[in-house]
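Shown below, as structure tokens, is a lone chain in the form predicted alone; questions about how it binds or moves come after it.
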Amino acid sequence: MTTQATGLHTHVLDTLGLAITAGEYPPGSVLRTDELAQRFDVSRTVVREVVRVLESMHLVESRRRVGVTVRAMEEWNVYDPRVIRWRLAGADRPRQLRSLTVLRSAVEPAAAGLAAVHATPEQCRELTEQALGMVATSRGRQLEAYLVHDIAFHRVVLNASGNEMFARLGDVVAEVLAGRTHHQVMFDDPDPAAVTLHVQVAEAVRERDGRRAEELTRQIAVGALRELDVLAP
């Protein structure tokens, strides 16, 4: 696929993905390939490729002699990072953020506890480095720089848990953190208490204190839910 074709593919995919997840095409709506090609001024090949991606996310299904039908939300792959990104860009953002943060509160404390047992010395070092990076960028409205360290920190925790199911949630957590930043569901500077908790989690993992790592991570999740009460009620 050429660079131009890739760009067209991405544009059509994002536009349709946003529209479907925002409810502009209710479940049962039928999308016609020819009409989509005309609307976006692209080839039917591009439209078919986009439809295949949307099918892989369970947002739509193709039916012979019917067309492309939008599926019910209950059937969507809500763990797909792109579906998360599109939903966070829509009016359903507060509910989506809360749902994902509750998921994090259930998973990440357990992952941190396991990380204290299974983390390699290299992972312990990286966790500390990312926590210190969060401290260094937590003032002066450096949210984008802070986000880089925040995402990396939580990826390390999930990967260091030694549980491949937890590790696969790294992209989900990354989209939640990025969505909060990019849609201004963050204070101008991160909560100092939350930043300190991340440093303490790194210390607990390094010291092989699983119980403390789990409890500190639970406090991070509780704090994130409280912020949502203020910023995305």
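All values reported here derive from a predicted model rather than from experimental measurement. Heads up, when I say rigid core I mean the largest set of C-alphas that superpose within 1.5 Å between the two forms. When you see a residue number, it is the position in the sequence shown, counting from 1.
Unshown form predicted together with a further copy of the same chain; subsequent notes refer to it.
request  = Would you kindly say which of H183, R32, R48, R208 lies with a heavy atom within 4.5 Å of a further copy of the same chain in the predicted bound form?
outcome  = Only one option qualifies, and that one is R48.
key: Candidate from V148, A89, M73, C124 lying within 4.5 Å of a further copy of the same chain in the predicted bound form - any heavy atom   = Partner contact (heavy atom, 4.5 Å) among the options: M73.
request  = Spell out, yes or no, whether the shortest heavy atom distance between A106 and a further copy of the same chain in the predicted bound form is within 4.5 Å.
outcome  = Within the cut-off, so yes.
query = Is the gap between P94 and a further copy of the same chain in the predicted bound form 4.5 Å or less for some heavy atom pair?
reply = Result no; P94 lies far from a further copy of the same chain in the predicted bound form.
message = R155 versus a further copy of the same chain, in the predicted bound form: is there a non-hydrogen atom within 4.5 Å?
response = Close contact is absent here: in the predicted bound form, R155 is far from a further copy of the same chain, nothing within 4.5 Å, heavy atoms only.
inquiry  = Residue-level contact is defined here as any heavy atom of the residue lying within 4.5 Å of a further copy of the same chain in the predicted bound form; does E129 satisfy this criterion?
reply    = Contact check for E129: no, nothing within 4.5 Å of a further copy of the same chain in the predicted bound form.
key: Proximity to a further copy of the same chain in the predicted bound form (heavy atom, within 4.5 Å), stretch among 191-199, 22-30, 35-43, 166-174   = Every other range fails; the passing one is 166-174.
query = Using a 4.5 Å cut-off on heavy atoms, which residues of 137-155 contact a further copy of the same chain in the predicted bound form?
reply = Read in sequence order, no residue approaches a further copy of the same chain (within 4.5 Å, in the predicted bound form).
task = Align both forms on the core first, then report whether S62 has a C-alpha shift of 2 Å or more between the shown form and the other one.
result = For S62, whose C-alpha is compared between the shown form and the other one after core superposition, the shift is 2 Å or more.
ask   = L216: CA shift of at least 2 Å between the shown form and the other one after core fit?
value = Result for L216: no, shift under 2 Å.
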